[in-house]
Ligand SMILES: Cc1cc2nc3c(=O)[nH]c(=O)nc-3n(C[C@H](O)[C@H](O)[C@H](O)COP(=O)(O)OP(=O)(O)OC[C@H]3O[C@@H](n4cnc5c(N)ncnc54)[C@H](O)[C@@H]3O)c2cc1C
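One chain follows as structure tokens, the form predicted alone.
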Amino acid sequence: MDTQSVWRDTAAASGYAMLDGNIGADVLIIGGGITGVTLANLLAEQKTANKPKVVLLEADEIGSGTTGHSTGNLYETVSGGMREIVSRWGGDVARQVANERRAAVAFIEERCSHLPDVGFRRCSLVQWADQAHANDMQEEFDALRAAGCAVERTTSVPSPLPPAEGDVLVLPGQAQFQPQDYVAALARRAAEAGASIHEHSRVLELDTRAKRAVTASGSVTAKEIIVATHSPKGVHLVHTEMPVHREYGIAMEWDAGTPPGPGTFWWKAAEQLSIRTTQSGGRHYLVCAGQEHKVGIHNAKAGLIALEALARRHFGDRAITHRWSAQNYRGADALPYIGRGHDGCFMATGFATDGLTWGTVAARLIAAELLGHKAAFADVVRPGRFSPVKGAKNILEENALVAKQLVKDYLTGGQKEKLSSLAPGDSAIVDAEGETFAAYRAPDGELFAVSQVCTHVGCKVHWNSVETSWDCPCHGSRFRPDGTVIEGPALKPLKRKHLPPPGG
């Protein structure tokens, strides 16, 4: 299945060269999403005499990860609800969160004024619920007010949006843009200012003591390393704290001028739906994102089908032009982890589904610290914070799930099929030559067989039929059919099993 997002499909290609050779830098940034590119831009544009030499390595293409597969929405609140932050941290921290995120949106707006058109627009964020969740809206209204947000209340939403059954919250002055266009344009600006950007340069080894990253075609040794890969590479304590989910999105053909018009619309019902419109090249789209699914243990195809059915129920039987998904990592105590980790490298993770704004916050915080003026908010979101009361429930649940997957996979076995029965397009856990491994036969008949043991901490991978990938349920590492890493904390690929041809 083609899973290209509407943002990636309608944006121009970037085209940076692979890393070639062994080089040095003051700052190495690993990851070419909004966090890494914004940081590269901020550092490269310094006008000081000791301006740092910046190198950015991207495993695929700029924006090809979560940034280019997001919804393109920017807001000062958080998708999980500001009431969670107020209840866990209190009003002071909630106000800091809203202020930092509000400033990040203003920063993006300022950058957009110096970039080619990237579809930036100010609009309202509207959220409402069904009857079963109507009380949540009152709690969220109170929390937003406590956080200093200029929230308003009304009672209806424009048709054909799902009808409101209670209060509708309106947060004016939020924003939207085309995330792929933005990050690509910002990368060009960073490169013009002196940053060295390299695509298709996946980090295969990361020596945090020597501050050295190795790719297939070279290496970078730096004074400082920032791992802006959504989840930090290698093994970190934060991996034990973060639930990992995937969220599916679609774009449908839409008519210009048809409601709901500009805005970010969140329907907080049992099914959940995020809605917005966009346009590109004279075509108009309605973008919908559905509820979250735990990575590695959900039926991806069923999740996507459910989203499509929900969208068609409310918006009609329109042609679906794009289907995609993105991964998110949620901090155990409702806040992200931004700053220097135990290994001396900087990380930026735990953004939940709010990564475009949190990623910008992270880049600004890390840039400030690298340039010698650490912001006060950096202590609030530091990776080493310990908040057992605020995050204990999520940490216990996440580690119980990891343990369950390890026990389930290693003690009960999995699906077993004969290799010869695997049809084109099918995948299975198979036995052959006395070994068990994960196999996929491509539509053209080519067979891929890899170890089913994730190279991160040893959980067993499960098949994602939508993304055509092997996904790990423990910490979210994902692998292509040939075993190469797509995303997540794993650095090493799944070991490939080379099988003799049939009859060989």
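Each residue number is its position in the shown sequence, starting from 1. Computed from a predicted structure; not experimentally measured.
Absent from the display: the form predicted in complex with the ligand. The rest refers to it.
Can you check 119 to 127, 324 to 332, 187 to 195, 363 to 371 and let me know which stretch has heavy atoms within 4.5 Å of the ligand in the predicted bound form? Comparing against the ligand in the predicted bound form, the contact stretch is 324 to 332.
Would T278 show up as a contact with the ligand in the predicted bound form if we use heavy atoms at 4.5 Å? T278 lies outside the contact set for the ligand.
According to a 4.5 angstroms non-hydrogen atom cut-off, is K268 in contact with the ligand in the predicted bound form? Judged by the heavy-atom cut-off of 4.5 Å, K268 is well away from the ligand in the predicted bound form.
Considering non-hydrogen atoms and a 4.5 Å limit, does the ligand approach T353 in the predicted bound form? Contact check for T353: yes, within 4.5 Å of the ligand in the predicted bound form.
I'd like to check something about Y75: if you look in the predicted bound form, is any of its heavy atoms closer than or equal to 4.5 Å to a heavy atom of the ligand? Heavy-atom contact with the ligand at 4.5 Å: present for Y75.
Candidate from H293, K233, R111, R102 lying within 4.5 Å of the ligand in the predicted bound form - any heavy atom: By the 4.5 Å heavy-atom cutoff, the listed residue in contact is K233.
Go through 53 to 67 residue by residue and record those having a heavy atom within 4.5 Å of the ligand in the predicted bound form; state none if no residue qualifies. The stretch touches the partner through L57, E58, A59, D60, E61, S64, G65, T66, T67.
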